[in-house]
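First comes one chain, alone, set out as structure tokens in the form predicted alone.
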């Protein structure tokens, strides 16, 4: 993605999401009411998080196959932005839950599983910060990255569906698209998912470029001093 077209698309989609998501009509549902508009911001955060963690996993595997500073940086930065998206997903979900369930944290299995998944990834950063040797840090964190992603899948997509949950699409509750995600909402929801994913990729790519530039400057300074 070296052209600027996808960046323009990202901006357009997010502007469209913000405007259409707040102004277009939505289904009038009991309890949920206007708060259903949070769907355009809360759920796409999770899509973005999973995409970013997937990219981090891919580069972690690449590092294990052929170790290099570049792949380690890619893996780390994608995980960093992915964790931010996950935290934003938790926060937007808590705001939504406060208006629909009566409290920000209801102890719902989906909420608990999502929190555990983020804690698993938080341990990834703690692991990296506890190691001073660059090669050891990159190798161990790459291995842990694989474990974290494998743990995330059942926590987010399997366990909540096996238990009683208030979340749509979990614990026997029908998903939004089964009864109330009408054609108008789909016209906003799908562009929102694409827009937030592109934004996450954009932020991660900027951080990667900055980190690679810092590494290059450090190498030049080391060569100059030696």
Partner chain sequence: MNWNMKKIVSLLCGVMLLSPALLAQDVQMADTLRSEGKIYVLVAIIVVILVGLITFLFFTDRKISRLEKQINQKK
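These numbers come from a predicted model, not from an experiment. Residue numbers count along the first chain shown, from 1.
As for the form predicted together with the partner chain, it is not shown, yet the points below apply to it.
Although the partner is absent from the chain shown here, 23, 29 and 209 each have a heavy atom within 4.5 Å of the partner chain in the predicted complex. Using a 4.5 Å cutoff between non-hydrogen atoms, residue 225 does not count as a contact of the partner chain in the predicted complex. The partner chain is not shown here, and in the predicted complex it never comes within 4.5 Å of any heavy atom of residue 164.
Although the partner is absent here, residue 54 sits far enough away that none of its heavy atoms falls within 4.5 Å of the partner chain in the predicted complex.
Interface residue remark: residue 69 is not counted as part of the site for the partner chain in the predicted complex, having no heavy atom within 4.5 Å. Exactly one of the stretches 154-162, 44-52, 60-68, 195-203 approaches the partner chain in the predicted complex with heavy atoms within 4.5 Å, and it is 195-203.
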